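The chain that follows stands alone, in the form predicted alone, written as structure tokens.
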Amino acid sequence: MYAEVILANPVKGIDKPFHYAIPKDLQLEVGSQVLVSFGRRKDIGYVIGFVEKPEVKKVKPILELLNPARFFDEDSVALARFVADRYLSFFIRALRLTMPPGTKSREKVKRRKKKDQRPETGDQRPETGDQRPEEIKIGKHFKPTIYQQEALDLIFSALKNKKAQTILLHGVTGSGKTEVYLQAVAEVLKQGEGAIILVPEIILTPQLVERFTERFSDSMVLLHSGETMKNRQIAWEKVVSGEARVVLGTRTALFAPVKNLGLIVMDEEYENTYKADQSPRYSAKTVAEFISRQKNIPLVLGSATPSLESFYQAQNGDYAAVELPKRIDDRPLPPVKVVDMREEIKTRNFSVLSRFLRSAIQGALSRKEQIILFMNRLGYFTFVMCRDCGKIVECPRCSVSLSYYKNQEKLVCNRCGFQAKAPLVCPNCQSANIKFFGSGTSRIEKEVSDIFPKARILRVDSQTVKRSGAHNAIYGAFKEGKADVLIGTQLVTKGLDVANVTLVGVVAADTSLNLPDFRAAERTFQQLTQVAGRAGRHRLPGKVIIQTYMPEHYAIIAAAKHDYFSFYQEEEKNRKEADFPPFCQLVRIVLSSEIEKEAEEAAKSLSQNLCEVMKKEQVLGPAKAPIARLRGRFRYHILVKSQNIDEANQSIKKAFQNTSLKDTVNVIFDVDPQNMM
């Protein structure tokens, strides 16, 4: 037999395994880390399989087994192949997703003395000894609603029958989805199996993490990028050894080597953080579906606002679906008042707070109740413009406006972090007629504190939570009643379950509606519905106020009625007319260069070659990306539409091979893109 070895550091452009002879004294298996010679250099490689006949006559031997531990198994290889093929990435990059954290940083091409070898990862083979009959906490006095019981019956049936089934759990905010997850995991553990629970971001779901930790602390680990590398390695070791059978984490936790995996859960499955933003740019939901089929286990997708694609799958019968249409104890969803800000301007109210919202804040404060104000913008003002020549002050490296932070007296690019002093005169025409426009979270904080000086205010956005643990500290203080008003960006739209919150105000509902992205309406509806769900979750009734300049938009109307289905019907019709997902599959190709003409010419050349191997109507572009310049690079993009993503990928590979590109041009292939900017 000969070993198939994938190099840890492949030669540029080469994405294939190489065959090596196996010395008689070496015991190798899939997942072994070895030292090999390649050309004139030595490199680390990983065994991904075995063949009886090599592809070349002269075969070099493997030089050394570098580590007795197994870094991955056969299922991991199959998973990596799927990810690499589906998302047009190098195989080694996909394979690294399945390896222990920090593996790449520990790779060193040097011979080690055998006595110094230490297992770094443990062995991922199934246990042969007895597993523990540990006690599973099922929650005190849990009495499921009829809807929760229906959901659990469906999940338990799939578990019992070892069925690869995707189940969409569509439940309104506060309907008890988390308890369904907890009960399902408890059942899996009783069967001697393990589970993976995915959340979009750890800091956005503090209460879900708390409840899972409380219920399964003895057999659970957290896996996410916010942990130190050492803690991630320790957690991985616990999973490999079987000590931890429940993994809770962000999208990378999906690749944890859970023994006897029996269930995968994705909470808030619509979130775009489930899509990787670096190669391989995989969708966690698509990868989870592959693992579900590979292991014959159920996948549960949960949300109050499922993605249009997921709901479409459920409507067509491709997914099983179950509804949780009511809150626990039949608590009502909060009534929503939509305020037309055009009418506020007519009354010469130029504040970011409408008269109605001010009055509601005053009432909540007088009753010693708590308030959440949502604004999807950072900074004090969102852009600076000259009123003489119309010049907007932009980032010199990105084609986006700079946001003004009053406390720091700085202009900041929220894309690349560039900072500059606020100008006293226009950099274009030297006029002193400079005006600050728009509003962000820090400006709202200032206005609220001016109007309600006795109110205790907390602000949570990417600026205030930079320090590790800051979000939990802010959330904890608010939950304990140490603040009256919480002002924030999307960090306040989900995961917060505070009994005393009775008022939620959306300061500007139109922010995301105007983006050049076919998902703009969907994301607006999701944000509004999620943040509205923070009010009235317990004994006190809640109220929601949405401020908008577009009260007639169907996303606003549907969110005000808590009506997902009416939004879905309108959005589905629009997507079908425009031939966008779920009615096709997309690949976005972004080409960039520090020289604009290079990027433009490269995009035109690739687009022409794509049109030669595909139908012309399937290729849109090239065109400048909405953010035409990012971090100093000019960007053009091409959209490829197809009914079959595998066929589309093959055409893209062929067209790319036929396109001559300069080394200074970067290319990004984004299959199933979530960001069109």
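Because the structure is a prediction, the values reported are computed rather than measured. So that there is no doubt, residue numbering starts at 1 and follows the sequence shown.
Not on display, but discussed next: the form predicted together with ligand ADP.
Visitor: Picking from 178 to 186, 193 to 201, 514 to 522, 413 to 421, which part of the chain touches ligand ADP in the model of the complex when contact means heavy atoms within 4.5 Å?
Guide: It is 178 to 186 that comes within 4.5 Å of the partner.
Visitor: Answer yes if any heavy atom of Asp497 is within 4.5 Å of a heavy atom of ligand ADP in the model of the complex; otherwise answer no.
Guide: Result yes; Asp497 sits at the interface with ligand ADP in the model of the complex.
Visitor: Would Arg537 show up as a contact with ligand ADP in the model of the complex if we use heavy atoms at 4.5 Å?
Guide: Within the cut-off, so yes.
Visitor: Does ligand ADP get within 4.5 angstroms of any non-hydrogen atom of Thr173 in the model of the complex?
Guide: Yes, Thr173 sits close enough to ligand ADP in the model of the complex that at least one of its heavy atoms falls within 4.5 Å.
Visitor: Taking 4.5 angstroms as the cut-off for heavy atoms, does Phe142 touch ligand ADP in the model of the complex?
Guide: Heavy-atom contact with ligand ADP at 4.5 Å: present for Phe142.
Visitor: If you check Arg387, Lys163, Lys561, Arg211 against ligand ADP in the model of the complex, which one has a heavy atom within 4.5 Å?
Guide: Of Arg387, Lys163, Lys561, Arg211, the residue with a heavy atom within 4.5 Å of ligand ADP in the model of the complex is Arg211.
Visitor: Going by heavy atom distances of 4.5 angstroms or less, which of Gln148, Thr205, Ser607, Thr103 would be at the interface with ligand ADP in the model of the complex?
Guide: Spelling it out, the residue with a heavy atom inside the cut-off is Gln148.
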